[in-house]
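Before any questions on binding or motion, here is one chain by itself as structure tokens, the form predicted alone.
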């Protein structure tokens, strides 16, 4: 199954790299956002299967809060991306029910493994 993915990343170069990688892996990037409010709006309009969510976003906004609101309002889960993944960070996201975590810099192989596993599931199961 081809996944429809929303990329939420405040660094334009990382967002571009992620978009290219996602498409090279055979999935569709339906949109991009750089801050929480924009991400929630885009998720509502575009209804992706999955959100690739940075933890820290523009204007001090939180990827955790955006992911929580997106999941509560639209039932869409997030795959978190961060440069520092530790148990404290994971604990802060426990109520968000993420699909998983990817460490930055994001390896195309790691992203491929996660997306392959998710695309094997039905979109409703994500």
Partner chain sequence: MSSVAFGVEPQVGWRRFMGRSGFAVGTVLACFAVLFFTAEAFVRATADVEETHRLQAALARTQQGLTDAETAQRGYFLTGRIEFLAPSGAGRKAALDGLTEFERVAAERELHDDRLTQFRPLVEAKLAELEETLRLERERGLAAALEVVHSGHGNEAMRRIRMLVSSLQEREAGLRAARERRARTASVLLFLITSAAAVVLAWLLWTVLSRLEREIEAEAAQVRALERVAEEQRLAREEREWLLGELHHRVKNSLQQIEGILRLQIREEISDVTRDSLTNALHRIMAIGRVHERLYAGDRPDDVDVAAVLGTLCEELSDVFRAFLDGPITSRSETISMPIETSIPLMLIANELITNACRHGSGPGKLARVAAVLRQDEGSWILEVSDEGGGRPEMADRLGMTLVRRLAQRIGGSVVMEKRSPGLSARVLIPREAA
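Positions refer to the first chain, counted from 1. Values in this document were obtained by computation on a predicted structure and should not be read as measured data.
This protein has a second form, the form predicted together with the partner chain, left out of what is shown; the following refers to that one.
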Practice prompt. Sort through 83, 41, 75, 100 and report the residue having a heavy atom within 4.5 Å of the partner chain in the predicted bound form.
Written response: 83
Worksheet item: Do residue 117 and the partner chain come within 4.5 Å of each other in the predicted bound form, heavy atoms counted?
Response: no
Discussion item. Is residue 59 part of the interface with the partner chain in the predicted bound form - any heavy atom within 4.5 Å?
Written reply: no
Fill in: Heavy atom within 4.5 Å of the partner chain in the predicted bound form - qualifying residues of 1-19
11, 13, 14, 16, 17
